[in-house]
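So this first bit is one chain, no partners, the form predicted alone, shown in structure tokens.
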């Protein structure tokens, strides 16, 4: 097979291909929104089925049945669960996340906390992406090196260790033993983290477990891309290794990496709720913990909805990147 025939082994980008790609993205978006709604239904029902009464927990043990009934009626909690969920979902579409069992606006509760969680999660994803590309490329290009053998075992180890164990270990080493970094988060007047130093340990606690998985995905994607026919054609054409990597391997591997990082977003945000509690970080974790204690379904569902929207957006971006990669390959 000649280099010329190898170069044109891929598919061409035509209007029909573009339309098919658009339909796939639209279908995927519709499916993910439907899954999000199902998840919200399950969360809403699960919180409602938890033992105890949120209103009684808020009013205290001395509250009478009449006072509890009056408060439930005022908050609309005496209505059937499907009616309450439909009302809450309608408000969500309008941007109103509802009212907590304490009578406060859920929007007000999350306005200051959600950006802090996004900062923490975004920094963890960035560190994960950098580690995945650097170490994954090192492993793929030098598979028999000492570094590759070390990555083969350490990536499995960090995948198996949960975030809270890594967080405790980081606090012990870098805060208590060495005294280099703070063990708890201090905040400024706005409620945001006071400085970048307080973010280091929480970000590492989230990024290290996710880096293990993404490094392995990156290595596999790069190996697969390097074995494609057009890469062999580029080698026959005399391109340098750096040019082949930049022009022919990374563009092929990028959609796989993007999809892996997009699915990682959900794990990072889920882990952030635990890590925030360990580091006393002012994010959604503390709000969610209090909401579960209060059996506060609107608050729990709002947290799930916000994180679900972020995850859905990342998955859609990954789909768009995959479509773009197919187009540039044509």
Partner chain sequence: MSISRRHFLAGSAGVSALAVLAACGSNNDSSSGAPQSGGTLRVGALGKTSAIEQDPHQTLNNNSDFLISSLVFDALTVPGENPNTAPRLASRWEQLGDPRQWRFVIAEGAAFHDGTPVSSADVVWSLRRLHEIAGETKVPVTSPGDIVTDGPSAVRITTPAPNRDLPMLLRLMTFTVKQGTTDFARPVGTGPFTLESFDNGNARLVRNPNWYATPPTLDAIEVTRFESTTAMANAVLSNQIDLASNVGAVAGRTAEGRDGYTVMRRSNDVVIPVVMRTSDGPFADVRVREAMRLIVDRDAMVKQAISGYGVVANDVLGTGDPTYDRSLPQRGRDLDKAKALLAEARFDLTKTYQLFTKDEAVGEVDSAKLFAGQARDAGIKIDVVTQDSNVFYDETWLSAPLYTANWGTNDSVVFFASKTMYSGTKWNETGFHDAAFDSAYRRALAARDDATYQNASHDLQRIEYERGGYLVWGMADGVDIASSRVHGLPTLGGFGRVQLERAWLTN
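Just so you know, these numbers come straight off a predicted model, no measurement behind them. Residue numbers count along the first chain shown, from 1.
Unshown form predicted together with the partner chain; subsequent notes refer to it.
Peer 1: Spot the stretch among 273 to 281, 301 to 309, 257 to 265, 25 to 33 with residues whose non-hydrogen atoms come within 4.5 Å of the partner chain in the predicted complex.
Peer 2: Residues of 273 to 281 come within 4.5 Å of the partner.
Peer 1: Pick from 153, 186, 111, 105: which residue has any heavy atom within 4.5 angstroms of the partner chain in the predicted complex?
Peer 2: Contact with the partner chain in the predicted complex is made by 186 alone.
Peer 1: Please tell me which of 238, 90, 227, 191 lies within 4.5 Å of the partner chain in the predicted complex, judged by heavy atoms.
Peer 2: None of the others qualify; the residue that does is 191.
Peer 1: Using a 4.5 Å heavy atom cut-off, state whether residue 70 contacts the partner chain in the predicted complex.
Peer 2: Residue 70: no contact with the partner chain in the predicted complex.
Peer 1: Could you tell me if residue 168 has a non-hydrogen atom within 4.5 Å of the partner chain in the predicted complex?
Peer 2: Heavy-atom contact with the partner chain at 4.5 Å: present for residue 168.
Peer 1: Look up in the predicted complex whether residue 164 has a non-hydrogen atom within 4.5 angstroms of the partner chain, and give yes or no.
Peer 2: Result yes; residue 164 sits at the interface with the partner chain in the predicted complex.
Peer 1: How about residue 176: is it within 4.5 Å of the partner chain in the predicted complex, going by heavy atoms?
Peer 2: Close contact exists here: in the predicted complex, residue 176 approaches the partner chain to within 4.5 Å, heavy atoms only.
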